[in-house]
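Let's start with one chain on its own, the form predicted alone, as structure tokens.
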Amino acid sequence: MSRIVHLGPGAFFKAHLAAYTQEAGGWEITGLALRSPKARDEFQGTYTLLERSEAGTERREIDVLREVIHVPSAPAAAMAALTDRETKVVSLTVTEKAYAPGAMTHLLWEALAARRDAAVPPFTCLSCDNLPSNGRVLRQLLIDEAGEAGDWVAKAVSFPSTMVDRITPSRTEATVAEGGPNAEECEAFRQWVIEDDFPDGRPDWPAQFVTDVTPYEEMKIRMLNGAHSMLAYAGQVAGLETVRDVMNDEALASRVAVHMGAAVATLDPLPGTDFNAYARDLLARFRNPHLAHQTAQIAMDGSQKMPQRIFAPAVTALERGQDLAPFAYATAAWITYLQRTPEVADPRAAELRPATLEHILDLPDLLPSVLQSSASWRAAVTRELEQF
């Protein structure tokens, strides 16, 4: 049977790619845990997926994940899965901070090199993370990792970009009580837009296949993810634990709607897509009373998320002469969160101290230079900080 090997077999993978693959049929998945053995230790074969909507919860049993290998404990088994001729797609949900030279890129290149040497066609590398141009970012990382063989990677290996969307909270005691020890919960809504470039085949996923995913990525990252980050930091500062709690706060819910409107203004038209209807749908999804999506979960790794979710649209707004206030407010909420949170979950946590406006805005490799040098941007953030 054809196989997908997936790096990072956590909750989002189980709610999204695995669910799509189960529906497609004819394929199985092997999971690779790159760091913690938790996913391997929890693996029990079939798991329950609780899909929650405003109307209630639907249970689905997912059995497409056949095994989970902890790479540090069983490197040979992991390499065997990656180099098997039946492995035609290697997918990833490793979060934004993993897209850097390291264990992930080394493992992928080692497997690709072994397949090349054995005259086995390369697998397709499929990123499913919230990263703009995720396929192209991964492609460049693998070209760099391959060194002198970079030209071969560029010519022989496919890296389709994707846009993924399904709100998936962390597992709670309530999740386990309802669905069992290996259950996951998510919203009923889901979306997957994929660049259709799979030379060695793919499942017949019920997804949307396009030639260029970029405009869909920008829509989702700026509208959904951007609003998520803003409300998460504002919610954390206000002591609100979940997204639905924030949406029940009239003032903050209004700011979420304003933020989405500002994000829409930075987007170019996308044929067949009504941005305002998409915004209304997002607001309804955020209000879902049956989904307890923790603001603390969304607030993690802000230094990796803010550049594409908030700063990129802020640059567009600045260039177009549009209102900077919504993006400045999101930035001020983040800075305030950093100031008031003793232990921040962020790979750059130490660098983010002291969390003063000047320090944050001047950190290298964080804000675009156009924002760092903009007096109007600094003034806008300063004004919004006064709201806290």
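We number the residues from 1 along the sequence you see. Owing to the predicted nature of the structure, the values given are computational and were not obtained by experimental measurement.
Omitted here: the form predicted together with a small molecule. The next part is about that form.
Although the partner is absent here, Lys220 sits close enough that one of its heavy atoms falls within 4.5 Å of the small molecule in the predicted complex. Contact check for Ile298: a heavy atom falls within 4.5 Å of the small molecule in the predicted complex. Using a 4.5 angstroms threshold between heavy atoms, Glu145 stays clear of the small molecule in the predicted complex. Shown alone here, Arg166 lies within 4.5 Å of the small molecule in the predicted complex, counting heavy atoms only. Checking Thr266, Gln236, Asn130, Thr175 against the small molecule in the predicted complex, a heavy atom within 4.5 Å turns up for just one residue: Asn130.
This chain is drawn without the small molecule; in the predicted complex, the residue among Leu252, Leu224, Leu107, Ala188 with a heavy atom within 4.5 Å of it is Leu224.
By the 4.5 Å heavy atom rule, the three marked residues His6, Lys14 and Lys88 all fail to count as contacting the small molecule in the predicted complex. The stretch in contact with the small molecule in the predicted complex, judged by heavy atoms within 4.5 Å, is 289 to 297, chosen from 289 to 297, 209 to 217, 313 to 321, 72 to 80.
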